[in-house]
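In the block that follows, a single chain appears as structure tokens, in the form predicted alone.
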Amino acid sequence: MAFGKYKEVYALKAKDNAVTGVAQDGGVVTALLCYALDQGIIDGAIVAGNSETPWLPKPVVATTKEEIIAAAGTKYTISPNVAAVKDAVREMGCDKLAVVGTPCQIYAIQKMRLYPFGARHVPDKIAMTIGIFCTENFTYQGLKTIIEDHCKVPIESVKKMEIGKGKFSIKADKDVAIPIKETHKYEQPGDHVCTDLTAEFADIATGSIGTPDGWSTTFGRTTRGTELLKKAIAAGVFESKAMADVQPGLPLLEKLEAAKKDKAKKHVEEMKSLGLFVTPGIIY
């Protein structure tokens, strides 16, 4: 299946203005975490929060709606959220933890669930994983170079950034967009062997690809993920549409997913031809 296994897929848009005013795209992650916290489905969530360095995220264990909303918005460099899982469980006492992450981070959480070496009694406290679509990610210095050298904008003045429609765009004192191909050389090396755009191992996966501006394509992949989505929709947390009723829809997502998988497979074969080590099973 092009996007991995899933039970339901929706186009969603959060209704709460406190969320949509700060969140990326449809605000699905932020609104869903707030709802799950309100309902007692989770008692904490590991999210990519803000550090003292502009646009350098850090893991935050959010236990209030205010903390969840404060961390809203996409950061295009890695927040090491998996590293915070043990502290959230063992030091903060979270028994029903949500973890938000990129596809590679969700993959790591799934491996932790299967083989909890060094993390005994931790994986069973993870109540929900929410994966964010990821086409590429940058080193922090690379991201800073893109913004300050290519976009000619001080990074501390940036209010929002996004990738879409073939461009890397920022909103600051002036709005700037550059072709995404200018950013490729700043990508994390791991991006080149990653075949997962849509967080295939998450309970819920979401991102903007396939839906109009201000909406998010959202997969319920597991029973618990799908049940949470259905409850949130029924409770009026989201505006909801069938993916068949929106444009460009799933065909665009399928095209980009296939391109990412093909690119990774090609890169792995190039590495093998040079005699370089490639992690077994890294391509799926």
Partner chain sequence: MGLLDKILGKTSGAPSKEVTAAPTAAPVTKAPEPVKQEVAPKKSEEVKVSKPKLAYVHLSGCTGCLISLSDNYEKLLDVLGAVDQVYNLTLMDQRELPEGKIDIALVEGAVCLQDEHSVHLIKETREKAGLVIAYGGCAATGCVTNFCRGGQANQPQHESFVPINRVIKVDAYIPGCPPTPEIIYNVAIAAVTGDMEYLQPFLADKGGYACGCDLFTKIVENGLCIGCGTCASSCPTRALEMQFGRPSLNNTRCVKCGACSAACPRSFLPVSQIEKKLMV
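If you're wondering where the values come from, they're calculated on a predicted model, not measured in any experiment. Positions refer to the first chain, counted from 1.
Unshown form predicted together with the partner chain; subsequent notes refer to it.
Among residues of the shown chain, residue 110 is one whose heavy atoms approach the partner chain to within 4.5 Å in the predicted complex. In the predicted complex, none of the heavy atoms of residue 179 sits within 4.5 Å of a heavy atom of the partner chain. Interface residue remark: residue 121 is counted as part of the site for the partner chain in the predicted complex, having a heavy atom within 4.5 Å.
In the predicted complex, the partner chain lies farther than 4.5 Å from every heavy atom of residue 263. For the marked spot (81, 91 and 194), a heavy atom within 4.5 Å of the partner chain in the predicted complex is present in each of the three residues. With the partner omitted here, the stretch from 250 to 258, 65 to 73, 28 to 36, 221 to 229 that lies within 4.5 Å of the partner chain by heavy atoms in the predicted complex is 221 to 229. Contacts with the partner chain in the predicted complex, taken as any heavy atom within 4.5 Å, map within 186 to 213 to 188, 189, 190, 191, 193, 194, 200, 201, 202.
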